[in-house]
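First structure 1, then structure 2: two forms of the same chain, each alone, as structure tokens.
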Structure 1
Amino acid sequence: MAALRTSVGARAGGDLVARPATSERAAAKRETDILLAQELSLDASLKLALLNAPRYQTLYAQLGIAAAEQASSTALTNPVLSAMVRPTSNPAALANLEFGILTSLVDLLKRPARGRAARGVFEAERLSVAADVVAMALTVRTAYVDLVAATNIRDVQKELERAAAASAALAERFHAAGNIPMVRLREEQAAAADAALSLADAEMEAIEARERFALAVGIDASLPWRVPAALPAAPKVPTPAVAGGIEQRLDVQASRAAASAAIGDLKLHSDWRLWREVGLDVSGERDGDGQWAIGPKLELALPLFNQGRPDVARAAAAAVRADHQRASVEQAAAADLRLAQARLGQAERRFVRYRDEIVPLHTEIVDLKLQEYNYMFVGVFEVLTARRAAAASEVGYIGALRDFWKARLGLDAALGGGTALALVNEDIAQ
């Protein structure tokens, strides 16, 4: 179990510990409170999730069930003790006693093979649970990225709204002075009302993102925990190379394990096809004269009518199906990986264009417009319009940055969620 814990925990990027006991719950609560007191990093979010999210606990329990099943599947069938007393009518004679210990020889002989098969099944389950944990870690991380971005966008929308409101307030002054017509004033006011609405939308989106994140992590959204104002601007490490490809993916490994387990099962069935029931018996008998006769007894089911063919056929079909499933999973995984890479590439180009071109350009445009305003080439409204466009470009930038991080997390997940995630952790934690 320790190995299992390490494997899943490492892939998910945290320490997967079930804390069913009351004392451990209290410890978890303490740890949670400490984490919530600070600005939440991506790492801390994951720790919180492992401590608090009921779904993690569910998955963990599932692993426990799988382990128990493995243990029971390799246990031998209990030997059968038979005893018989045949009283005699002869008073001088002792009652006739007979006993026997019957154990399934097949069971005994098949044990190593059955153990292998069971381990295969367990391995498949283990990998599948690990994949679920990684997927859930991705959910938490994605929710984190969404939350930080939504909060940031809300803040920028606030600026946008302020610019529009200032513009409308100025327009009122210009109109009151008799310098602009009603239609210009109304245009400014309409723009300000639109901006206020956009801010309200952004505020709602931030609230929803907070709830989604809190739910994924298993904490209360109404508690005063907080996240950073902005996502980190640039990755410190290059995008992980996709050298291992799908080999590291848990779903691929799980499907392969399932396929090899099915083959093991088939082998078991076909090897023991004819020897379905072999009994080894040690029996003793006491005659009336008190003499004991003890001797072995072999019971063998003659494969005259049932030669085990249906079982073998079923196992063979299952093996074929498992292999097809493996191939299908590998194909889907390869496609998923390619797509994740393409998404990351595109998201990165988009983000870089925003960072290196669009946002700086708009910032410069505002400066240049202000210069034009200073020399009376344009009015203040035009400068404020440029300022709004700059804020809008910032919203675009934050969205692109969010999508970049999500694509990055997506690629990590597509790769199996292991080492790449650790790198991302470092980036985001900085």
Structure 2
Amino acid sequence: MAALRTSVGARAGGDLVARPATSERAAAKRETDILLAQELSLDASLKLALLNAPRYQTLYAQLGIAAAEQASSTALTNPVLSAMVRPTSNPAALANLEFGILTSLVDLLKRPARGRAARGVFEAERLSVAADVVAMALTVRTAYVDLVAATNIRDVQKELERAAAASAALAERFHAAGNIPMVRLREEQAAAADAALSLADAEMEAIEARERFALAVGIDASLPWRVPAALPAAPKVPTPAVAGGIEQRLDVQASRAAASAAIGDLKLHSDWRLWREVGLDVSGERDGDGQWAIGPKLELALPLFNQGRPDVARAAAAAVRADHQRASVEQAAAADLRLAQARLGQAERRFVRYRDEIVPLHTEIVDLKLQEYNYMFVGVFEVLTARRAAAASEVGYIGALRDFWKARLGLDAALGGGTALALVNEDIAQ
């Protein structure tokens, strides 16, 4: 866990703690209850995920298995103790007694090289698990943004549906009094039906977003926890520099470590392919006269039929595969970074257009329609239509703001989730 914390740093949004014991699980539940009693910020959501999400604990267990495999690969083979008693036909003589202890000399000599190879494998696994931990943290952050935005859109759609229903009811009274034609009544009724369907869709999206968020952080969606009513109105942090490129990404580092470990394994097999079995045996024998003879014995497997070429070929192919996988991961990471930059640029332009043009224009239109209504230039339904259009632009603004924050988080993830991500988290949490 200490090695994993070093790799992840602050990218996961909290401390990484494995909780196998019952007492630790009880402490986690108490902390969870405290967090759920308050309005959930982004930081609190990340803490909840680290406390409750089983997927994190699965990754920790995976790293524990890798550590155990590393220790197992560097352990020496146990020596073999043998003993044998051979009776003699001479009653006056003692039975022949022979004993020996045999250990693998190759196993002992290969231990430093095996240790280096095992450390390389563990390093690759550690970085891979760290990359998964950071990716899961991004899942939590994205689910949080989706949930807050979906909740906000649902609330706006509720207001829009109520206004449309009231407008349709007013149109029915006006039509009954002969003040508006049938086509105007049908227009208001169609608008009310559309608003009701939009509200149903928004409510379903809010339910789905709540379930996705609850699953990401490992809590029950049916519990009465709550999130803020809206995302921050405007971004406050600059776009991070991309000069470092993909070098900070843990998946890239993991692929490079795996390629290096594969080369180390190839070297190990190549260096020792002819020395597969060399045993050192210290044995002693007592004859029937009671005389002891003790001495060493060397056992060497002659490389006549198997010279280790299949193992070397297998390790060479594995090294080639690992190198191609490294190249593939690096290419995908570079493409991911370029796409993340493009998405952020497009999302920012779209959000700014909503914030600075579309929403203000619709607000001004509503004000102008009200002025015209006061001067009796237009009827009440023209004002209501303008208000519905303004509410629709507000829904579009919320969606654009959501997409901006998701693109912003996506760029930070493409850069490896560095320090700039903490600034975004703080800004969203506010």
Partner chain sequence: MIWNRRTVLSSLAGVGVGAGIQSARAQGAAPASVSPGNRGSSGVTTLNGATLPYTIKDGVKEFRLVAQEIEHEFAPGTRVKAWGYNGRTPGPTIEVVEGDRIRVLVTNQLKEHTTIHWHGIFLPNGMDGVGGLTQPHINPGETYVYEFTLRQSGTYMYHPHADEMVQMAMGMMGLFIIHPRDGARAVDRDFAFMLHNWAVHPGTYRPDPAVMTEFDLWTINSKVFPAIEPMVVRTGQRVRIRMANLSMHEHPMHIHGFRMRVTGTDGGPIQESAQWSEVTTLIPVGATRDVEFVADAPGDWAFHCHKSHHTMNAMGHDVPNTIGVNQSDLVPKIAGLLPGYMPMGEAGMAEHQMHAGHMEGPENTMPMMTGIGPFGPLEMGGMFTLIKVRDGIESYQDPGAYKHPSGTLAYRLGGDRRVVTSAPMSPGMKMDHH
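Rigid core here is just the name for the largest C-alpha set that superposes within 1.5 Å across the two forms. What you are looking at is a predicted structure, and each value in this text was computed from that prediction instead of being measured. Each residue is numbered by where it sits in the sequence of structure 1, with counting from 1.
Review point. Between the two chains shown, which is the form predicted together with its partner chain?
Key: Pick structure 1; the other is not the form predicted together with its partner chain.
Point to revise | Threshold 2 Å Cα movement between structures 1 and 2 for residue 100, core superposed | key: Yes; that C-alpha moves by at least 2 Å between structures 1 and 2.
Point to revise | Yes/no, residue 184 Cα shift of 2 Å or more between structures 1 and 2 with rigid core fixed | key: Yes; residue 184 is a residue whose C-alpha shifts (by 2 Å or more) between structures 1 and 2 when the cores are overlaid.
Exercise for review: Using a superposition on the rigid core, decide whether the Cα position of residue 226 changes by 2 angstroms or more between structures 1 and 2.
Suggested key: Moves: no, less than 2 Å.
Point to revise | Per-residue Cα shift, residue 303, between structures 1 and 2 [Å; core superposed] | key: Reported C-alpha shift between structures 1 and 2: 4.0 Å at residue 303.
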